[in-house]
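Only one chain comes next, encoded as C-alpha cells, the form predicted on its own.
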C-alpha cells in the first residue's frame, strides 16, 4: 500500500518498461488473436470470418506435417543434446589439459547466428561440392553422396542435426554451472562410504541436477517448437514440405501467400503449444519456491 510520495518512486521506474511491454508484446499478441479470426491479406481491410481459419487449419495436410516435424524436433532435442551436454559437462568439470579450449570449442557454435550456421551447413551438405559428400567419396564409403537437403527422408534429420550441433554446447554450459554449485563434500562422503562412480552419478549427482535438468528440458522444448531460422535458410520447408515446421509454415502463409489471417491462426496454435510447456515449468518452479 502506498503511504507517501517516496513509496511511489519505485513504481514510477516501472511505468516505461510496462508501457513498452504492453505496446510491443501484449498488444501485438491480442491483435494476432483478432487477425486469426479474419481473412486479412495484409493490404485490404480485415473481414471478420470467425473460426473459419481454424477449421481450414485442422483440414490442412501441411499443418499436420509441420506439427509432426516439430514433435520429431522436440524428441531429438530433449534426448541427444541433454545426454551429450551432460556427458561433456561431467568430463570438463575436472581439471584436464586443454579444458578451457574444449569448453570454448563446444560452446562456439552457439555464438554463431542461426542464419550463419544454416548457410555454412548448407554449403557442407551440397550434393556435389559439399565437404561431407566429398569426404565420404574420398574415403570410399560411397560412390556418390546423398542429397542431404533434397531427400525427403534425410532433409529434416539433417537440419535437426545442425540444431543439435549448436544446442549441445549450450546444454553443456548449463550443466557445468549446476555441477559447480554442488558441494564437493557430498561426493567425498559418498566415496568414503564406498559408492562407485556409477552409484554416485545416479544417486547423488543426477538428483542434485534436477533443477538444471528441468530448465534444460523446458528451454529445449521451447526452442524446438519455435524452430524457424535453420529451416528457412536451408530448405524453406522443402522438398514437398518434408522439412516444414509450424513457424516456417506460418511465415510462408502470412508473408509469401499474403494470408495474414491464416498465418495468425497458425501462430496462435503455436502459442498455445508453447504455453502448455511454459505452464508446466512455472508450476514446478513455484512448487519448489513454496517448499523452500
Partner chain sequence: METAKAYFKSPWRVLIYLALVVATFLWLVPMLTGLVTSIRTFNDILYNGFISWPKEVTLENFKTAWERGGLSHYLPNSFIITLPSLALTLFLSSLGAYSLARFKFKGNNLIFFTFVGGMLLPFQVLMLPVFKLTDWLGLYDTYWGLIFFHTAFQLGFCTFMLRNYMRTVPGEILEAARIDGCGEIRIWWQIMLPLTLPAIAAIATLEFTWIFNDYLWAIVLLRSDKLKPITAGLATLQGQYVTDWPVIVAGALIGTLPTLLVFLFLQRYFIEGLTLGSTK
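Just so it is clear, the structure is predicted and the values come from calculations on it, not from any experiment. Positions refer to the first chain, counted from 1.
Heads up, the form predicted together with the partner chain isn't pictured, but that's what we're talking about next.
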Checklist outcome for this item: Of 187-195, 71-79, 152-160, 218-226, the segment with heavy atoms within 4.5 Å of the partner chain in the model of the complex is residues 218-226
Next on the checklist: Although the partner isn't part of this model, could you tell me whether residue 40 comes within 4.5 Å of the partner chain in the model of the complex, counting any heavy atom of the residue?
Outcome noted: yes
Next on the checklist: So, residue 236 and the partner chain: in the model of the complex, are they within 4.5 Å at any heavy atom pair?
Outcome noted: yes
Checklist entry - Any chance residue 26 has a heavy atom within 4.5 Å of the partner chain in the model of the complex? => result yes
Checklist entry - Within a 4.5 Å heavy atom cut-off, is residue 254 in contact with the partner chain in the model of the complex? => result yes
Next on the checklist: Just to make sure I understand: among 45-73, which residues lie within 4.5 Å of the partner chain in the model of the complex, judging by heavy atoms?
Outcome noted: 46
